[in-house]
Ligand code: TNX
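The chain below stands alone and is given as structure tokens, in the form predicted alone.
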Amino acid sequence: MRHHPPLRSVAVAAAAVLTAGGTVSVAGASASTPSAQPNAPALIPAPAQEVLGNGSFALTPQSRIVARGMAVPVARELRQDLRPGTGYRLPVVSGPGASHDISLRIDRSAIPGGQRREGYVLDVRDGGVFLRAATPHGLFDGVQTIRQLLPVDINAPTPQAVPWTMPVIHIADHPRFAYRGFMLDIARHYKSPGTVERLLDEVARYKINIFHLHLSDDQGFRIVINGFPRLTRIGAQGSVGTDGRTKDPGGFWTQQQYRDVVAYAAQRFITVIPEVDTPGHNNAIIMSEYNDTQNPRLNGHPQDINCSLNHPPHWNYTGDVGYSALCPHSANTWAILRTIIRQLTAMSPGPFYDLGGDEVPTTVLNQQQYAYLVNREARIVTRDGKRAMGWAEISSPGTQLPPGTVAEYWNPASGSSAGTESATDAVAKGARLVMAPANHAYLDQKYAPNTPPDLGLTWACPNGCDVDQFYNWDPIHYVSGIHRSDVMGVEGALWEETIRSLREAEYMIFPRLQALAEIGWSPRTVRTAGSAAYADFLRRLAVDGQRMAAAGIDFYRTPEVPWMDAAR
């Protein structure tokens, strides 16, 4: 998917740091804001405001986590995060705090009205740590900052003999964008629920709050749909490459496994958005249902679902795209899609269902056919109580987008170049945008030519897309005519044509996801290769390499970063 051109022809400015002279520089104030002091905490994403003081707080074996009411589940998550590396019990208690305790409190009055969804205030003092937020989600975001204020060995799986100190600091923080997403394709190469949960843990550290799950494509359908057992019995057997089944035989999730992953994500305040791409990228569905003549949900002639270039359809386990499509005017198509949508929306408490909508050339469906399917499917999604989401092609001529629709802009085109009309047309039709231009947000692209040699694609980044490319852009100003109110946020997408294992996924995700997380969270600033903001981001990323190494995360040691013993 999206691994060729369209088928149609600075680091954040310095955080607020209290200097020896008593002056304060505030994050995002201007392009000329001086960079953070070298001893400032290496926080990613950079907070909206931070003031560094003198002294430190020490976590001890007697330390407790103090919380009541809605703060208790977040406190328990914090205890679970800190116990392995420290070896401390860190009991969660509801009484008054004492010296060396960490206190978590829901306090709406501490957060300005427009920042209450995820805003938090964190005060680290020599006698205790005090975290306040208006919501449990805000507390969870603050907890990720606490974890980064501790020594990097806090991510180790076993107790480490280091002093567990944090600098005295005041942080008032909230996100720039409400949507900060990570997309994972488990259709091209299957990933188990356990692997996905590990990745959820890893991306949550950077305040990612959306998990976009690509469940189906030409090579595989990965979720059980009751009433259509062939979708997984046949459609889940293969993967990209090796003739589909030789070395990587695919797999699928049960509905209970899907619910478990959704619940696991929710504990980390991450919303899951399911995607079954339509009307293209559907060869796995077509191959599964083409001969399903005995299914009582179909009319006995399911061959009419196939509007692909191939008649009859056949498997293609390469990375090719643009050859398959469900027929928009087949009653069997709608029997299948209604069932998929109904079951996935019922299992997904978040507000969105992603219908896909990309890469359907006119040689497969004409524009009228394409628009008919998108319009009808979007109405079904709306009737099921969700907001429709799709790739930005859903804004093309003839489509009628329901209120609340979200279009994801993936095209590398910027400014007013050809291709940007998918973004401006979506906005003109009342949709909001998630920005994910492939040359700044596609985690499947190589870092540099031939790097890594056996992973990644190059269509969006022929010269490579390293950390600088992921950091030095702005979602609001990327396409001409787009305004702040049009943009919900950003998303990093990992397409898996070449990626088979968790370690390969980690290697392609990190450290570029940190750059996207900061784009989505931190205040706007001038981000250019020569800016003080970018230099400060690289400084903080060097420390974060130590955190990743302690956690056992495989990542790319880009030469852009002065890594600090990251290969420990």
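None of the values given here were measured: they were computed from a predicted structure. The first residue of the shown sequence is 1; numbering continues from there.
This next part talks about the form predicted together with the named molecule, which is not shown.
Visitor: Tell me, out of 473, 228, 391, 447, which residue has a non-hydrogen atom within 4.5 angstroms of the named molecule in the model of the complex.
Guide: Contact check passes for 391.
Visitor: Could you work out which of 190, 410, 140, 253 is the residue within 4.5 angstroms of the named molecule in the model of the complex, going by heavy atoms?
Guide: The residue in contact is 410.
Visitor: Please determine whether residue 352 contacts the named molecule in the model of the complex, using a 4.5 Å cut-off between heavy atoms.
Guide: No, residue 352 sits far enough from the named molecule in the model of the complex that none of its heavy atoms falls within 4.5 Å.
Visitor: Using the partner position in the model of the complex, report whether residue 206 sits within 4.5 Å of the named molecule, counting heavy atoms only.
Guide: It does not: once the named molecule is placed as it appears in the model of the complex, residue 206 has no heavy atom within 4.5 Å of it.
Visitor: Even though the partner isn't displayed, in the model of the complex is residue 180 close enough to the named molecule, meaning a heavy atom within 4.5 Å?
Guide: Close contact is absent here: in the model of the complex, residue 180 is far from the named molecule, nothing within 4.5 Å, heavy atoms only.
Visitor: Hey, in the model of the complex, is residue 495 touching the named molecule, heavy atoms inside 4.5 Å?
Guide: Taking the distances in the model of the complex, the answer for residue 495 is yes, it comes within 4.5 Å of the named molecule.
Visitor: The chain here is shown without the named molecule. Which stretch in 194 to 202, 282 to 290, 457 to 465, 363 to 371 comes within 4.5 angstroms of it in the model of the complex, by heavy atom distance?
Guide: Result of the contact check: 457 to 465.
Visitor: Can you name the residues of 347 to 374 that have a heavy atom within 4.5 Å of the named molecule in the model of the complex?
Guide: Read in sequence order, the residues that approach the named molecule (within 4.5 Å, in the model of the complex) are 358, 359.
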